[in-house]
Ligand code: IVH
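The chain that follows stands alone, in the form predicted on its own, written as structure tokens.
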């Protein structure tokens, strides 16, 4: 269809708004609303219209920018060298066109192009970062942001085991005085799946893919949460700034330099000669990539000789000497054989499509989550339907659409249950939530089973040998109804369980006894309080000396703890206000389960800050912020995140922000780091 200038202008404005919205959701919020393929389609449509109607191209167009504006939650960092994005090739034809442009710009013959060296690297689907090393020491790390200004995530990057704090040449060579490195922080697939399983157990929103998980984890306010996520890193580029050293002449030499300095470099790269060899590499990894423990959605191709980079230059958006070949999203057709409605630990109902097994992204898919009632209604999915299935982010199976043209005329609309499929209790839906829940918290067999499975889990009470099958057997035998019953089990009771030997029974009883001494953070997590994961449980265990003390805390007091907030604070109060839960705690105490914090075992410091509330703002020079807050608490004080009339001291570092103004407005005492250290007895 022919498009005139006015139609094009209208569509260009629509596309700009839509792309800006999705860029912000992707880069800043780490919550993309569309797939990469859908975003690329919008971006390419805009680019094509701007090429056809050059008068519609403006400086503020998304095609002329990289990423999105950085979040205001982190200190801004201006990149010494702009972090550009890469142009995409969605097919081998587009890859050939890119090679033709290179050949023309460099005035090469066909034979010369066949000898041209390209470096092919797997495209890691993570979060781009800039790492700065001075005299071999890691001093600063930032996200890409808008390409010119990113976010300071130095402390969070320091929690990544793969990132060396100090560079040492393996070959005894000189380490550059100033080195700026480009890398990609990623989430290993195995850890990503474990995290999503944990989030599902807590009935928190799971991450759509490893890229989102990596971005969300790296941009946590609390580095302890980042550390728990076990992120990893590949580095792929370096700028050397040194009076006595120069950038390597070739990109392949740059990768060798990074490896020599102890930085992680993905070993699967290859030097290819001519675009034909490049395409062979892309074909080879189309299948092999599914065997990796990290997500890759394509191949990055760069000219090896760096002198050619300068000759070719770059657009405002991307370099001309590199391109990203992207694999198409993998999809498959299969049939919905049944839909099951699973009941989670907190009663949430999750519909799951049982599928005719189909091969997808290297694995056989038999089940796919339908998420909730709204998703079923939107898709109008029915039993017997032929559906298109894909892996969201090539990890999580999801039903993408229904092939209506293949639907049987006898098919019936899928009815979402109004009663619990396990205990037949009428389902309820809390305002503001999409999930239906079974309110029969303590009587529903499925919830009972899931709570016990959660309780014995590794990050909870870690009771070795207590698996899903044994828990069900104990429930069916009437020996266990809630976690407190586990501590009352006897050997004669266990010996009544089918195929249970004396040695196995003895091992289980020893494991249960050992679990009585787990840290307070494990116990808090084991309760399965809504929104309280392992990291939040650790924050609470750091703040309170015992479970009894935590149970007395008000929602307002809890919400003042950095990383908690009103929603979590209210959930904790409601949990412990419940009489059944109070009785449950008393039974745990009678069973001699420890409810004290580990802090009790540590030597107590002078409690000279008792009753004093501190707020820290800005960057401290010698103290890590978390370390400072722990020291304040160890001396009897409190460290909160917001300034109020109850605040006694505001500790100010560099770039303090609005909290300093609030303190001055309320007439609160403002001190610097030196004064704080004096109060803590450090000087």
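In this text the structure is predicted, and so the values were computed from the model without any measurement. Positions refer to the first chain, counted from 1.
As for the form predicted in complex with 2-(butylsulfanyl)adenosine (IVH), it is not shown, yet the points below apply to it.
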Just checking whether residue 319 would be counted as a contact of 2-(butylsulfanyl)adenosine (IVH) in the predicted complex - the rule being heavy atoms within 4.5 angstroms.
yes
Residue 123: touches 2-(butylsulfanyl)adenosine (IVH) in the predicted complex, heavy atom cutoff 4.5 angstroms
yes
Original post:
Quick one: does residue 365 come within 4.5 Å of 2-(butylsulfanyl)adenosine (IVH) in the predicted complex, counting heavy atoms only?
Top reply: no
| residue 86, heavy atom within 4.5 angstroms of 2-(butylsulfanyl)adenosine (IVH) in the predicted complex | yes
request  = Look at the candidate spot formed by 184, 236 and 300 and say whether 2-(butylsulfanyl)adenosine (IVH) comes within 4.5 Å of a heavy atom in all three of them in the predicted complex.
outcome  = yes
Within 4.5 Å of 2-(butylsulfanyl)adenosine (IVH) in the predicted complex by heavy atoms, the stretch out of 448-456, 213-221, 282-290, 115-123 is 115-123
Residue within 4.5 Å of 2-(butylsulfanyl)adenosine (IVH) in the predicted complex by heavy atom, from 128, 254, 209, 559, is 128
